[in-house]
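To begin, one chain is listed below as structure tokens, in the form predicted alone.
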């Protein structure tokens, strides 16, 4: 099965949800989907569809590079013990690290993907998913 066919439901969902600047290309056996989601909830929905097609994102044949065009949301504080908090491309420890947030750093909450993973954006503009256990809302 061609990759575009395999992930057609994901591409269709991105189009239907209003993902702007949507670009889909295949290169070296990997399908790349790029764009800007209108909200963090849409970004989360796309990752959920990806997980349904490829459980636990195991095949490694898709790069989902869709960031949320969310207004600045609430601020959360990184509450790790000693180390930096990894920010990942998707909601899971198997996803590549795209950035880090320092202990006690205040970052922006984009959305709550689920109880374990929240979509966040650093002050440097790095966006991805962080383990919610290490984030604390600022009152």
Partner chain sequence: MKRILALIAIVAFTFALPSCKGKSDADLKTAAEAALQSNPDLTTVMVDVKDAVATISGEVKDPATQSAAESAVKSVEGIKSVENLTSPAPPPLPVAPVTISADDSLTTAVTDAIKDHPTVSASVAGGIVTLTGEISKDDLKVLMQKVQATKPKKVDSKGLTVK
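From a predicted model like this one, the values you see are computed outputs, not experimental measurements. Residue numbers count along the first chain shown, from 1.
Beyond the structure shown, there is the form predicted in complex with its partner chain, which is absent from this document and is the topic of what follows.
Within this chain, residue 63 lines the site of its partner chain in the model of the complex, having a heavy atom no more than 4.5 Å away. Residue 51 belongs to the set of residues with a heavy atom inside 4.5 Å of its partner chain in the model of the complex.
Shown alone here, residue 93 lies within 4.5 Å of its partner chain in the model of the complex, counting heavy atoms only. Mapping the unseen interface onto this chain, residue 116 counts among the residues with a heavy atom inside 4.5 Å of its partner chain in the model of the complex. Contact residues in stretch 98-114 (any heavy atom within 4.5 Å of its partner chain, taken in the model of the complex) are absent; none meets the cut-off.
Shown here is a form in which the CA atoms of residue 78 and residue 40 lie at least 3 Å farther apart than they do in the model of the complex.
Whereas the shown form places them at one spacing, the Cα atoms of residue 25 and residue 91 lie at least 3 Å farther apart in the model of the complex.
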